[in-house]
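The chain below stands alone, shown as structure tokens; this is the form predicted on its own.
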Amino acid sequence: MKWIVVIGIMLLALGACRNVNTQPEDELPLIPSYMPPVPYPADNPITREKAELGRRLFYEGRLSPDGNVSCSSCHQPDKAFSDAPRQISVGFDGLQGQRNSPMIVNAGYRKAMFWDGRAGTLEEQAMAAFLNPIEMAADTVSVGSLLRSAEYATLWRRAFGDTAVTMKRAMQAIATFERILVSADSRYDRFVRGDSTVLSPLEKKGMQLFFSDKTSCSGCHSGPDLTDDQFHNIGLFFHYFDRGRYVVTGNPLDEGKFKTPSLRNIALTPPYTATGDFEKGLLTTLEQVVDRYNDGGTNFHSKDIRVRKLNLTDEEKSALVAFLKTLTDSSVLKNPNFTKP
């Protein structure tokens, strides 16, 4: 079938066409062999020891002044490392942010971080959250003392070869852990890998619709992670109090544009979309999301032209929802390499 061939080509291309450093599989068998190598910055190669230190730091509440806020506070492992069911994330001292914390499974493959793309690497993203007074509000002096303590000394030496503690290294360790949060064993993945029996007729119909010109879903949700890593306005509002990508670029054409999220584990990560300033109510179910796209959205000046009235039947909408639920990979919730130490 045409869309299976397209998916296969995209999987091969993602693995073969990266002008980046990637970790050999025999050095880090934490990455599934059927997934493309995870790219990393030249100064932060992936090692098992660094990932283990990063896992400890990811769950370490003492990185915040009150000892209660860690990376996992907004990226919860039992919610596919998202902040479900919160629409707006809560950080240090109960302070609310502006947006929803996105899922970070397979974040190592992303080209930009945050909904507006203001960080180019996971290291930059981690540091931004670490220092943000509304998020972790870290006191670097206190954190430095913690990381120089006997509790962390052995892990630190294994990860970096010495005990020279820096905040840059701490963020490199967290980013390394996030890079091994790889998920690609949903029923959809198994179907793409050749198991034609794993999807029901309704789910297969939904997949055909998803990759069809009728819906254009795959125009933005493309590639192995079902995201084009680009920024789009999908016509949620008539006015955007959160101006999205525009805040970074200053380009009026970017107003109301946000990064296309991966649809992996989408059934586990409601509510949906980046911000909480809704005019037509919160999107808390996949059925509501499909209905919203079916309606075509508002006529905002920067709305993507592919977002239009779809005139789907009730059966077609049900099929799309059924397909989206096949993207759940429950193994990511149980992987012992990902859980709290």
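One rule holds for the numbers: they count along the sequence shown, beginning at 1. Note that the structure is predicted; figures quoted are calculated from it, not measured.
Although it is not shown, the form predicted in complex with a small molecule is what the next lines describe.
Heavy atoms within 4.5 Å of the small molecule in the model of the complex belong, among the stretches 184-192, 148-156, 97-105, 245-253, to residues of 97-105.
T273 is the sole member of T284, T273, T298, T47 with a non-hydrogen atom within 4.5 Å of the small molecule in the model of the complex. By the criterion of a heavy atom within 4.5 Å, V143 is excluded from the residues contacting the small molecule in the model of the complex.
Interface membership of V69, defined by any non-hydrogen atom within 4.5 Å of the small molecule in the model of the complex, is confirmed. For the chain shown alone, A51 is not a contact residue for the small molecule in the model of the complex, no non-hydrogen atom being within 4.5 angstroms. Proximity of F114 to the small molecule in the model of the complex falls within the 4.5 Å heavy atom cutoff.
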